[in-house]
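As structure tokens, one chain now follows by itself in the form predicted on its own.
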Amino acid sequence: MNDGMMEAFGLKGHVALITGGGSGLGLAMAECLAAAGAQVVIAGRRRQVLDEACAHLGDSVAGIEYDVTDTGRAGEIIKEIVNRYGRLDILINNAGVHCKKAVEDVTREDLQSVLDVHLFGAYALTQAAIPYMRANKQGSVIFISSMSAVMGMTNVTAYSAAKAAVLGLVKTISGEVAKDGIRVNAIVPGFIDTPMFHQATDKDPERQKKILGHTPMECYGLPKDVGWAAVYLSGAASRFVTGTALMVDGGCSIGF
């Protein structure tokens, strides 16, 4: 890779925090950011999962136990990372939970638990990270949204509500912090071959058939498809990109 490409897409010297980074999309994004040169911290609730991920990914990835619903600790977690590495350049709000139920079966507790992770947890970390990014006059915050935020989908009302709210955060926060050199964007993955996807679809072959029939590329995405999109939104190549949602969906959202 020549110097121009390294300057545009390389992340050497950057420090990134990825929530839910021990598996699925989070693990793929950690692998891609580390390959681009970043020091990556993956956060999650399960120590064993984090340790296994770090052993797989190497010395440039470290794990930190953190449940994003414990919003009172958000500032402490960000400060711990900054104290250890001297900075925080990239925050990827990826941690997620699913809730697949018919609308009449979704309880207030179901809705609250999904919002606590996708919305309130992500908001708290973003709020805590912004002052450090502002002090450095640079930063990239990435939220992971979903097809269910942009298309009507059945049996995922709590999840779609949370993921649609995330897109609202991207638009509003990006406008507030752009002058400080901080960019805020979303990645909207299509149907990606991850454990969470299989949890939602393995017992529903008709849904799988419908998904592939609605995806012009006629296949599921790979986790690294999202990982490389995250690399792009993290570095200089996307320096003039903020407040947007990048579809990584094989064309699913074109609504043909």
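Numbers for residues come from their place in the sequence shown, where the first is 1. Computed from a predicted model, the values in this text were never measured in an experiment.
Just so you know, the form predicted together with a small molecule exists too; it's not on screen, but the next bit is about it.
A residue is said to contact a partner when one of its heavy atoms sits within 4.5 Å of a partner heavy atom; His118 meets this definition for the small molecule in the predicted complex.
Shown alone here, Thr242 lies farther than 4.5 Å from the small molecule in the predicted complex, counting heavy atoms only. At a distance threshold of 4.5 angstroms between non-hydrogen atoms, Gly20 is in contact with the small molecule in the predicted complex. In the predicted complex, the small molecule sits beyond 4.5 Å of every heavy atom of Ser140.
For a residue to qualify, one of its non-hydrogen atoms must sit within 4.5 Å of the small molecule in the predicted complex; none of Ile90, Ile182 and Tyr232 qualifies.
Stretch 95 to 103 is the answer when you ask which of 73 to 81, 132 to 140, 171 to 179, 95 to 103 has residues with heavy atoms within 4.5 Å of the small molecule in the predicted complex. Only one of Gly58, Pro216, Pro195, Gly37 comes within 4.5 Å of the small molecule in the predicted complex through a heavy atom, and that residue is Pro195.
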